[in-house]
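Taking the form predicted alone, here's one chain by itself in structure tokens.
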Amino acid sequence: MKVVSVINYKGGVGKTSLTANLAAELAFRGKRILVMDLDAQASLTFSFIKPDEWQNSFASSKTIKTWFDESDGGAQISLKDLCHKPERVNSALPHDSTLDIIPSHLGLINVDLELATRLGGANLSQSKKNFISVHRMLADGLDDIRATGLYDIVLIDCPPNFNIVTKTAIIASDYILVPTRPDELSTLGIDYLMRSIGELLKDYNDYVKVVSNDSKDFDEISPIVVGVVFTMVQEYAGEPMSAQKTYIKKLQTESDLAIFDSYIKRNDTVFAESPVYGVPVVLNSYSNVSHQSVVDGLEAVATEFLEKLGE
């Protein structure tokens, strides 16, 4: 089971649309997919689950917030108990496909404050133990899901910040995927994001060398940045428009990160309708050539993604 965090500091870069459509396309191709919504905005959740259904059936006890809340000394539920198969998207998939979701909660933003209170310690040794314990929460939780053998790939939709919840996702991940719009504000923070991830991994790996938890040894980690995917690309004559092409070429020449050759085209109408019907764009077919070209781009991104994961 491969765990992939989808993250960018900047909001509004198509992160959730990428996660939902990538998950749907991979499931359509026969991969067993679990998506986890760690963003308090819950946009991914509401892409698959109607808000009233979420309120009635999930909000009180069946979201990732419940799992974090109960991890503080309670009888913790397992993450696998929160996996839900959204009916609308699965009805559009082949009958033997798997696309499940662990929903988010609007109150997840408060979880970060609670986790921060657990990081202190009476001395340096205890602080390091608490650091490992808190930051490994999601990794340990996903071990239970890995043991079931139910999924091939887990996609984590991270919030657009680097809080503790996001850090637990990074620590739990094998790969990191960075979506960005081809503009200055969206690409500006990518280097800073990479530095922040590097500092987190350095601290974690330094601490696991000296910390043991109930005689358990922890391995050092080094999640692979699978690459940067450009989203919301506007085309002219079959290519990104000149203003956006500038930022694409700049990142290609100046960044050490792998840049996807494929990209996701902008079409506000198509992407706006998708959450209403609970079926990602990539699972639809369109007679309109412009709309269909969006699907073609999403499929190309999925193909390149699988190649980079060695699938």
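The structure displayed is predicted, hence computed values, not measured ones. Position 1 is the first residue in the sequence shown; the rest follow in order.
FYI, the form predicted in complex with a small molecule isn't displayed, but the following is about it.
In the predicted bound form, does each of Thr66, Ser71 and Leu138 have a heavy atom within 4.5 Å of the small molecule?
Not one of the three qualifies.
Taking the small molecule as it sits in the predicted bound form, is Lys31 near enough to touch it, meaning that at least one heavy atom pair lies within 4.5 angstroms?
Lys31: no, not in contact with the small molecule in the predicted bound form.
Classify Val13 as contacting or not contacting the small molecule in the predicted bound form by the rule of any non-hydrogen atom within 4.5 angstroms, answering yes or no.
It does: once the small molecule is placed as it appears in the predicted bound form, Val13 has a heavy atom within 4.5 Å of it.
Does Pro223 reach the small molecule in the predicted bound form, with heavy atoms at most 4.5 Å apart?
Flag for Pro223 set to no.
Using 4.5 Å between non-hydrogen atoms, is Ile264 touching the small molecule in the predicted bound form?
Heavy-atom contact with the small molecule at 4.5 Å: present for Ile264.
Of Ala169, Val111, Met232, Ile145, the one that lies within 4.5 Å of the small molecule in the predicted bound form (heavy atoms):
Answer to the contact question: Met232.
Select from the listed residues Pro160, Gly227, Pro86, Pro240 the one whose heavy atoms reach within 4.5 Å of the small molecule in the predicted bound form.
It is Pro160 that has a heavy atom within 4.5 Å of the partner.
Work out which of the listed stretches, 36-44, 58-66, 22-30, 245-253, brings a heavy atom within 4.5 angstroms of the small molecule in the predicted bound form.
Stretch 36-44 is the one.
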